[in-house]
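Quick heads-up: it's one chain on its own, the form predicted alone, in structure tokens.
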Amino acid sequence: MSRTCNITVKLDEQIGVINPHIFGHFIEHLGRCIYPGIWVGEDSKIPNCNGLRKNVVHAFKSIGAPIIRWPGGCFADAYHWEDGVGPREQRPRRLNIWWGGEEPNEFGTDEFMMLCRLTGAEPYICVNVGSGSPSEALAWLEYCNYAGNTKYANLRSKNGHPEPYGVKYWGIGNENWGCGGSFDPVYYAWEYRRFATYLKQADRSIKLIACGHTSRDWNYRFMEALRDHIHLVDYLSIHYYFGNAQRYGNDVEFSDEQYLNLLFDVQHLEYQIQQAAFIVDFFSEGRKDIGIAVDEWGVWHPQATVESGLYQQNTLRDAILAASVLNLFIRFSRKVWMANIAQAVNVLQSICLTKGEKTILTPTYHIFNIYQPHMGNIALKADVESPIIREPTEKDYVARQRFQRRLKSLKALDVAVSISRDESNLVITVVNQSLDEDLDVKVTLSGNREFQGGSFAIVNAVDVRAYNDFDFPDNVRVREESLEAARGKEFTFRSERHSVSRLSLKLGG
């Protein structure tokens, strides 16, 4: 007999609009992500759209991928964009200093823009600060966005693209505290100010993303150094990878304790978001609203090394983690305006894996698929009552000793709720993180509205260690059914153990 849990939806307590960009993606010239995960070439026997792997294009499009970040990552601060435009046979080969091997530059700006056009995604370009210059960044902006009779606008037209691309989102460097140049925060602030001044002057419609850190000290010192130039910052980025072999185990081999450790640690990402939000609000209050971009995040298993091209398998556990993180972003939609999971194809927490002509969809892909209805909705608060499946231990404080704060218990249910702009539809995503217990969940509406039926989608498998491979691509999949019983002020549904569910509900009254 399963226990009953409660979700009470607070219809009159709005959090904020859910920016579709929090469901974004990231691709870098690393391992098999670009070659041959995305780019196979026009002469390839692999089905392609002008050189882009057709199945991957379809995967991006089918989940409504809202934004794609490129070209890095660490690769960005060693990348010179002019190497990647013009006739491909004339493009130079370069050493890939961070990820090894040689970069053929077959996939460059125009190919990236073609990917975005075919998938419907917004392009997000990260410029080279570490080994580049403001003049190089300005030239790239001119190539992408200017419609006039100038050197780089004409070069774009000569390369077969007379109309401007209109790229709105530009990152000023990547991890400049590390692989992006080993800057300190004050020096990076000076560089950021220099790049941003010229880019904003050239195109006032663009949005600029500053490189932040999972260090409160870095973010504070950076923002303090820019306190008189806050108008140049639109987003502060933070990166967060769940990577600890001892604590989380391997990609497909992990204990029950390591499974719970991973989900328990989502609260550390929550803490980083809270700290970054506090700092940007402190320095920008009364002048402008600055968003947080978690533009690299995901699980980094020990199998993913430079030698392996950062390839790892993707289990149902990874999908559950992805859903819990997306729920977190939804609950923080007031400040989290963008997020980009790393990385889309064949690298880290991918949505697709490729092998020869084959492409399979990972469990993480299915999460992004069923979460689409949240996009553009208004996030709502909800009260959640469910069993506790893990209490904090002394080991948790040792593992995160630099975070001197109270740790929270891990509940079986993790929930996010949103309502459509016209208030006619409600979306509830429910993660049952329990390994061994199905739960009956009663959903109740506050206020005078009522449920009028809906639909139900669930991602699950027989075991939390299940994954999709090229012989068995549907071990983890989506199951859908009707929710016609969801009527009146409340209803109950069954939440299966180690599953992710999406309830799409019609509202009346």
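Being a predicted model, the structure only gives us computed values, none of them experimental. Numbering starts at 1 and follows the sequence shown.
Below, we turn to the form predicted together with a small molecule, even though it does not appear here.
**Student:** Based on heavy atom distances of 4.5 Å or less, which listed stretch (151-159, 425-433, 237-245, 262-270) is in contact with the small molecule in the predicted bound form?
**Tutor:** One stretch meets the cut-off, namely 237-245.
**Student:** Within 4.5 Å of the small molecule in the predicted bound form: all of 320, 363 and 414, by heavy atom?
**Tutor:** Verified in the predicted bound form; spot residues all out of contact, no.
**Student:** Among 99, 146, 81, 220, which has any heavy atom within 4.5 Å of the small molecule in the predicted bound form?
**Tutor:** That would be 99.
**Student:** Which of these residues, 211, 367, 348, 293, gets a heavy atom within 4.5 Å of the small molecule in the predicted bound form?
**Tutor:** Contact with the small molecule in the predicted bound form is made by 348 alone.
**Student:** Find out whether any non-hydrogen atom of residue 30 is located within 4.5 angstroms of the small molecule in the predicted bound form, and reply yes or no.
**Tutor:** Because a heavy atom of residue 30 falls inside 4.5 Å of the small molecule in the predicted bound form, the answer is yes.
**Student:** State yes or no: in the predicted bound form, is some non-hydrogen atom of residue 310 no more than 4.5 angstroms from a non-hydrogen atom of the small molecule?
**Tutor:** Flag for residue 310 set to yes.
**Student:** So, residue 251 and the small molecule: in the predicted bound form, are they within 4.5 Å at any heavy atom pair?
**Tutor:** Close contact is absent here: in the predicted bound form, residue 251 is far from the small molecule, nothing within 4.5 Å, heavy atoms only.
**Student:** Answer yes if any heavy atom of residue 26 is within 4.5 Å of a heavy atom of the small molecule in the predicted bound form; otherwise answer no.
**Tutor:** Yes.
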